[in-house]
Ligand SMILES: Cc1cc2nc3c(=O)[nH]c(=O)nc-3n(C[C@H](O)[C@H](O)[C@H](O)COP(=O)(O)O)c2cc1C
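A single chain, nothing else alongside it, follows as structure tokens in the form predicted alone.
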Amino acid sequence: MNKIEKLHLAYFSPSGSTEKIVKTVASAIEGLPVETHDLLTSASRKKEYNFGRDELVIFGCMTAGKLFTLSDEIFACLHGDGTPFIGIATFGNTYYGIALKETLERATNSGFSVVALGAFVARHSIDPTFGADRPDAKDNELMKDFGRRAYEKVLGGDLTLHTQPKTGWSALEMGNKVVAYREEHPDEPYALPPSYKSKEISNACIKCGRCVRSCPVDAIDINNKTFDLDRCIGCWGCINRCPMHAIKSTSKEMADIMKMISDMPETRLEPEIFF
């Protein structure tokens, strides 16, 4: 039997969906003090987080065929010592690619004992009409059951992942090309060209600063209403979190991608879990 003294929630969640999913999974685990580690800001990723064998980490990250772009920084600051680890990848009802495989590899290399992995559906970051109501009540129950089962496994002393994660493919031809490329080049960093990330801020902006605080790479100058597109990672957190809807994409390439997603018949994809 393992005794767990503390629960840690670590997540990279530009639009907030991954944070909610991690917390829903964690809600099934009762009786432990909880500490959260929001890895969205650059300052948070410059810290060192060290976890012991009597602690449990639930980690979540958004995906784009693999973990979203800053995974090198994220896992460079997370350090386990045989620490039980539950990994979560969130995707917009299209595909999650090699994200769970990458989570397993990176967490293991960082000293964690991965006991469970799950890919869960959230509203799509680029096209909010896709997966618009996800996660829903059914998803939430599955998340809680996932958290409950994973914790019971840890308490029972089983820190082995018995079912290896698979690749999450897409029903969209373009998506499968992305996934296939990620499989063939798993070590190549995910990055969008600057032209894909062009955006503008309209006069509806009230300079509340929420976009600045939510930007993972400090790429927004709100006073001049400009973006450093070389630094920007294209997470769309600024667009999705703006309370005035004052930020929009001006990229032709992203408009084409959004149209392809919108034209794709939406088939409900279910979460996939691995123990």
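Predicted model only: the values in this text are computed from it and were never measured. Numbers for residues come from their place in the sequence shown, where the first is 1.
From this point on, the text means the form predicted together with the named molecule, which you will not see here.
Contact check at 4.5 Å (heavy atoms) against the named molecule in the predicted bound form: none of Thr69, Phe75 and Thr103 pass. Screening Ala122, Ile98, Ala150, Ala107 for any heavy atom within 4.5 Å of the named molecule in the predicted bound form leaves a single hit, Ala122. Although the partner is absent here, Leu56 lies well away from the named molecule in the predicted bound form, with no heavy atom inside 4.5 Å. Among heavy atoms of Phe51, none comes within 4.5 Å of the named molecule in the predicted bound form. Among heavy atoms of Phe112, none comes within 4.5 Å of the named molecule in the predicted bound form.
The named molecule in the predicted bound form is approached by Ser13, whose closest heavy atom lies within 4.5 angstroms of it.
Interface residues of 82 to 121, taken as those with a heavy atom within 4.5 Å of the named molecule in the predicted bound form (partner not displayed): Thr90, Phe91, Gly92, Asn93, Thr94, Tyr95, in sequence order.
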